[in-house]
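A single chain, nothing else alongside it, follows as structure tokens in the form predicted on its own.
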Amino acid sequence: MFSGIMTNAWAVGTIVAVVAGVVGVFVVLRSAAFVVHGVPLSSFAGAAGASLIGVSSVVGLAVFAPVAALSIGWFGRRRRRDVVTALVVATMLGLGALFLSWSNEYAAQIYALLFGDVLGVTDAELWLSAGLAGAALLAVAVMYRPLLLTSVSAEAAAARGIRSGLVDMLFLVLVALVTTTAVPVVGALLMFTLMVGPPAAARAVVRSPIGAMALSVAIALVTLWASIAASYVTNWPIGFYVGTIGAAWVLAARAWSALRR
């Protein structure tokens, strides 16, 4: 379980958990769960297109995830964000279906793109994921104050001269970076669970943003490590365990918060 091909799985799982736990706190603060769900689904077209031309799926994700995120941000400025997100997702999923119809990939490989593949992380994907995760964490460090202000109070941010629209677009690019990092591990359909479940559980227990980030990362690490181990033992998709354990964390945190009150 801790040697051979599993080494990359544990390494990239740790990377994904850390970056998803940090960025996920802002997802919860900004009530952006639907956008976080939409970007991975949209980027699936990039992964399918990359498989079609014979390059790493991470490369396709790195191209399509920012395109989807920026499309949602740009067209959602003057229209309802949820409607625009749904339209972008529908368009990208249709494009992904077209790419798959032209592809000769095995069903198992396509299944892995949707639900994750704990055994399919190559050395190249590991280093690429590490680089993208590092860029995402650096972006959070640089943008922390304006990102927090616009997440908590857009009016207070505007009063301080912070351009909320620009911060929102940068945040969507940040979501795209995390998507590119995480989809090869947990899959396009359930990646948003890792960015919503642990952070939501942390926010139900801790009010401080820094404290919530630390607890969110800890919960995400436990969730992903447990999911990798369970997937290895049972040969079930890792996405199933990530979704189930993530939901359990949120329910437990809500129950604890209610009992404490």
Partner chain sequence: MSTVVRLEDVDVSFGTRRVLDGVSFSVERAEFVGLIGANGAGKTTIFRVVLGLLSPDRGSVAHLGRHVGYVPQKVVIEPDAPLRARDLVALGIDGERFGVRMPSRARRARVDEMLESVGAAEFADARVGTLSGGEQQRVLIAHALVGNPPLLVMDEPLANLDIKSGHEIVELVARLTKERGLAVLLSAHDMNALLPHMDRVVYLAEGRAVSGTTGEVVRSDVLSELYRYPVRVLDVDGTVVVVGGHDVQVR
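Since we're looking at a predicted model, the values are computed, not measured. Numbering follows the first chain given and starts at 1.
The same protein also has a form predicted together with its partner chain, omitted here; what follows describes it.
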Exercise for the section: Could you check which residue among 126, 149, 172, 132 gets a heavy atom within 4.5 Å of its partner chain in the predicted complex? Expected result: 149
Problem - its partner chain contact in the predicted complex: residue 121, any heavy atom under 4.5 Å - result: no
Problem - Any non-hydrogen atom of residue 153 within 4.5 angstroms of its partner chain in the predicted complex - result: yes
Exercise for the section: Give a yes/no on whether residue 214 approaches its partner chain to within 4.5 Å in the predicted complex, heavy atoms considered. Expected result: no
Practice task
Look up in the predicted complex whether residue 62 has a non-hydrogen atom within 4.5 angstroms of its partner chain, and give yes or no.
Solution key: no
Handout entry: Any residue of 196-219 that, in the predicted complex, places a heavy atom within 4.5 Å of its partner chain
Key = 203, 204, 205, 206, 207, 208, 209, 212
